[in-house]
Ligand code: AHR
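Read the single chain below, which is given as structure tokens and is the form predicted on its own.
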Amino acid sequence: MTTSTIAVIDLDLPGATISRHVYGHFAEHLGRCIYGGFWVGEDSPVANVRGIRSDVVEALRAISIPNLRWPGGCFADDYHWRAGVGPRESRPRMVNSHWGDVVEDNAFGTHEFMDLCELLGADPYVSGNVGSGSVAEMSEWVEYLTRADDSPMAALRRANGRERPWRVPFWGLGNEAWGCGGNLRAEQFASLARQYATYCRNHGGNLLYRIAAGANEADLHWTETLMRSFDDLAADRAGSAGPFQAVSLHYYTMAGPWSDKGDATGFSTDQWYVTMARARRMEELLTRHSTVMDRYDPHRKVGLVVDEWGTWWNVEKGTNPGFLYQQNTLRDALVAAVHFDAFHRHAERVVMANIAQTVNVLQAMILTDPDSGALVLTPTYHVFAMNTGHHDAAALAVHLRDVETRAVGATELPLVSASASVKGDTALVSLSNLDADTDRTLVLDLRGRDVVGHTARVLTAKALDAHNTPEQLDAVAPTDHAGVHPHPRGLEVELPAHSYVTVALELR
């Protein structure tokens, strides 16, 4: 059985710009994300540049990674930056109490992270320590990184081998202050965020975009408390927000409760649909938090940064439960696609997002095999690759008609998800068929501009839990899609069951 849906797109009515930074990434000192993922050390037989794994860099450059958040996560509020600078052999050790209770030797610190960002061509997003640090410590870290003259911290940076300051555009004021970052009340943290932001100064030409640790899921009180802590945002349309410029939001997708989140593979069709319904909840969360923000910030000066999102499954059997290593399947890819559709629709408010995490942890882009050294690109990686055309493009409204739904608990899950954007004489349409079993066709009703050419790609597989391994690197990989045909309204697109399709349009 094949069903049909209509998607109406006005190609001549561009909306807000989709920031490339919603395709951002996150690397924490957790499991094998840093050590064994990004960092192998200069003496490793694995090809590297100054200890940074070369094929990981190459893979992330291929998807135009825009930014990288570090060092956490919960780890950030235990991290004291001075322990991670200077000669590696002299750096003090610490206990990573959040993730596996392992000893951290601080081999990968500030200089290594900034070197990584330069190799990637990515903007650094540094998450500062509010939970166990001090205002002075964070202020000095900013100075160390970004000041050019002979100030005390700039002199220390030079003594540690870096003459020129770095450019650091994004700065996080704590992480999950409601939980692992201090178990603070919203009112407590709002005052701390103002204080810390004040002392995170702009040095020279480096302008910090300061991001206050925001809400967990639907905690609207936390967002409202932070928004009330700003100076009058409604008074001056042209002015900027201060003393910080954005608030964050965290939301993870699971198929079960926190105590049993569901397995990454071997799941049932019902669990597939529960996962898709929970991924769709991101739309609701963005709408609700944005509505609260609009009340205090009608000119939308304050950004919403979703700096932790993605799937969180039970760890793979036989692995350290504190390392959060999970397989990544076609299901994860569709979860990513649904999130990006939501981010695109909220482009006026959502200025950045960071999937958790980049390598070997949670919904990773890349898995590295510790035995063979092989690098595996996950299905989620391929969604990022297929969506690079949305980077800094103008969002286009997609009006879906005749969308079939499926009851999932008390909610109705639309079985098609879509978004689109335009940049110059090109447009990109992203389409997801969330139906586990049924192929469908979708008519693109394209209005306002002439379409003079098109190409398409499809990501799917036979099994819902299909995934890539060192033995089968391309079990789930995008291919050219021949199922796009002319239609009186524009184009007709075949959407295989459980598939993700992008259609690139040439316009005039």
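The first residue of the sequence shown is number 1, and the count goes up from there. The structure presented is a predicted model; accordingly, all values stated were derived computationally and were not measured.
The form predicted in complex with this ligand is left out here; the points below concern that form.
**Student:** Is residue 175 close to this ligand in the predicted bound form, meaning a heavy atom pair under 4.5 Å apart or at it?
**Tutor:** Yes, residue 175 is a contact residue.
**Student:** Contact with this ligand in the predicted bound form for residue 74, defined as at least one heavy atom pair within 4.5 Å: yes or no?
**Tutor:** Residue 74 belongs to the contact set for this ligand.
**Student:** So in the predicted bound form, is this ligand close enough to residue 210 to count as touching (4.5 Å, heavy atoms)?
**Tutor:** Judged by the heavy-atom cut-off of 4.5 Å, residue 210 is well away from this ligand in the predicted bound form.
**Student:** Taking this ligand as it sits in the predicted bound form, is residue 367 near enough to touch it, meaning that at least one heavy atom pair lies within 4.5 angstroms?
**Tutor:** Judged by the heavy-atom cut-off of 4.5 Å, residue 367 is well away from this ligand in the predicted bound form.
**Student:** Would you point out which of 466-474, 25-33, 479-487, 442-450 contains residues with a non-hydrogen atom within 4.5 Å of this ligand in the predicted bound form?
**Tutor:** Checking each option against the 4.5 Å cut-off leaves 25-33.
**Student:** Considering this ligand in the predicted bound form, which of 99, 381, 170, 313 comes within 4.5 Å of it through any heavy atom?
**Tutor:** Answer to the contact question: 99.
**Student:** Pick from 335, 246, 356, 353: which residue has any heavy atom within 4.5 angstroms of this ligand in the predicted bound form?
**Tutor:** The residue from 335, 246, 356, 353 that makes the contact is 356.
**Student:** Any chance 308, 324 and 362 all have a heavy atom within 4.5 Å of this ligand in the predicted bound form?
**Tutor:** Yes, the whole candidate spot contacts this ligand.
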